[in-house]
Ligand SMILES: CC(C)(COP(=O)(O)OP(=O)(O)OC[C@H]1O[C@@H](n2cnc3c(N)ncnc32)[C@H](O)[C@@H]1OP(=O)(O)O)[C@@H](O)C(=O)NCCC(=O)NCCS
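So this first bit is one chain, no partners, the form predicted on its own, shown in structure tokens.
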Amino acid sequence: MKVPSNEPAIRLVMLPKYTNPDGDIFGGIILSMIDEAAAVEAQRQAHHRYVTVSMDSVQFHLPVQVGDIVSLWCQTIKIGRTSIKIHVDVLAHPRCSDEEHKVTEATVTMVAIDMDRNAVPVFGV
């Protein structure tokens, strides 16, 4: 298992197109970003094609606003024979603040697959 990266897997500015009618960023946008960040981390650990099997214990702590810079930090928790479990922390940096806040966190399980969509070992045979 590789050591945690010192860079976020993904970093994006939240745009108006991502908002719900109340002006907050849709939770589904954040979930999509979590899925993408977990895939980036899985690829960093071992080069395969991956599919998401589960997204567990998703917790939304604070709303995200238009203009916030959102960073997704990943840490591999466990590597099984064909799967990788990754914890993702989502941090938001409001444009009018020097502080960053954890807004969401989740644990994602990804499975390595081949071209026929069969599970394959993450490392070797």
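Numbering starts at 1 and runs along the sequence shown. Predicted model only: the values in this text are computed from it and were never measured.
What comes next is about the form predicted together with the ligand, which is not displayed.
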(request) Would you please decide whether V111 lies within 4.5 angstroms of the ligand in the model of the complex, comparing each non-hydrogen atom pair? (result) yes
(message) Even though the partner isn't displayed, in the model of the complex is G80 close enough to the ligand, meaning a heavy atom within 4.5 Å?
(response) yes
(message) Considering non-hydrogen atoms and a 4.5 Å limit, does the ligand approach Q75 in the model of the complex?
(response) no
(request) Flag L62 as yes or no: does it have a non-hydrogen atom within 4.5 angstroms of any non-hydrogen atom of the ligand in the model of the complex? (result) no
(request) Using heavy atoms only and a 4.5 Å cut-off, decide whether all three of K2, S5 and A46 touch the ligand in the model of the complex. (result) no
(message) Only one of 37-45, 51-59, 65-73, 89-97 has heavy atoms within 4.5 Å of the ligand in the model of the complex; I'd like to know which.
(response) 51-59
